[in-house]
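One chain is shown next in structure tokens, namely the form predicted alone.
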Amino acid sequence: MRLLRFIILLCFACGWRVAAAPLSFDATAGERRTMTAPDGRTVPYTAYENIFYITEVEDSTYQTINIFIPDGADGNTPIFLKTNVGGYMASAASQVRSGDVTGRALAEGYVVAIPGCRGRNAVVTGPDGRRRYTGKAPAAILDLKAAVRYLRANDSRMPGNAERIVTDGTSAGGALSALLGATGNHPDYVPMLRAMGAADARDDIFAAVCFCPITDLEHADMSYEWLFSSANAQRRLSAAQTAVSEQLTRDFSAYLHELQIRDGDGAIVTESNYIDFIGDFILASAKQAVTAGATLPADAGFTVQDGRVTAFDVMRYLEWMAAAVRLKTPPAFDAMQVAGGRTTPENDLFGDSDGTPRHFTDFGLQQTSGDRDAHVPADMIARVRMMNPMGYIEDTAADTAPHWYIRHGSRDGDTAFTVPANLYAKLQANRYDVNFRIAWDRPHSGDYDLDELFAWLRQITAQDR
């Protein structure tokens, strides 16, 4: 096994594309290890590392998976699949760590899988010396789907129940976890997965854990401006940036009409009641924080008496929050050359294989080209679709995960919390089990409140047996 891997890596060093070993889990290739859990317990497990999850390997640095099996795991044990993607950058398969969610999952008895995947910065050099970027959209979700397929194809060969795969990610990783949850077995991805040599198996999952997902990218600029535009004066925007912000804010209203999301009572959410829709999440978060002993900001729109929130001015809160946490100038995501904006990670994500960034929205393209009738080409439309879970939730060709856990910080300035709120509403309207909360005073971050997360996982695992 070690000799085979050496030969494969040598081939890559010479710039040759190779076919990896057959996609069969080798139970004899593990290494016995122990981990000290946060509670002091010693957790013995077996590590299986550097496993190729496709046969047509394009980038051996990233297209592998590590699998960690705790003693006592059997065919009923859930599998916790963690993606460490951030900023849509490439992410290599890594180790379980006692102090993070992977160590907690292992200590809880889960089989832990940590796949690598290509990202927007992944690059290989061919025999001709030409550098080619291999991880532009939709490469990351294809790699992660292939990893899920590997686990399913080997369900009978290894401990762990492939019908109980739980994915977890933060930021761009949260978006990819949501994509895995929404797009199970969808035919959009099948030709590319076959070309990669992915296992002939399903890629749907049981539950998606999504912290502050940077998703719905073609509408993310609208969401950001609608939520944060009240802080434009403090940001000292240029006239061009202000005009962009105002237009995107108006566009968000049209997007709401298109979404046709519903509130908890089943009523269609329109622009007139959307404030109340998101205000309910903020108020619930603030009440929970006060109960836990937190002190709310005096100028954030809350009235607190005798340790209880008795009144809430949501508009005042939104103005306070925008001034406190807004990080990006408009547009926040498809910003390349728009009103003086710089290329963003998202422009890079949708770039070409030669590394050239591209616009991925009609708005961005029209702003830079000066052509109000310009539209992104068909290939970009397809790529953007495959990176957005929103369009698949109601698609009957997709096997969407039955369970969802979504968290977003109230002080997150990287993306608007309207994005996960809309994801929640779309899922709930389609009768999926969704545990969604705005986490009070949390910035852009993930894998917090692990006691709460794993209590939820125990609950859904037990009820679906």
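None of the values given here were measured: they were computed from a predicted structure. Numbers follow the displayed sequence, beginning with 1.
One more form of this protein, predicted together with a small molecule, exists but is not displayed; see below.
At least one heavy atom of I214 is located within 4.5 Å of the small molecule in the model of the complex. Within 4.5 Å of some heavy atom of the small molecule in the model of the complex lies at least one heavy atom of K328. The small molecule is not shown here, and in the model of the complex it never comes within 4.5 Å of any heavy atom of D334. Within this chain, A172 lines the site of the small molecule in the model of the complex, having a heavy atom no more than 4.5 Å away. With the partner omitted here, the residue from D433, D59, D414, D399 that has a non-hydrogen atom within 4.5 angstroms of the small molecule in the model of the complex is D414. A single residue from the set G197, G391, G279, G87 has any heavy atom within 4.5 angstroms of the small molecule in the model of the complex; that residue is G87. Look at 285-293, 79-87, 180-188, 307-315: in the model of the complex, residues with non-hydrogen atoms within 4.5 angstroms of the small molecule sit in 79-87.
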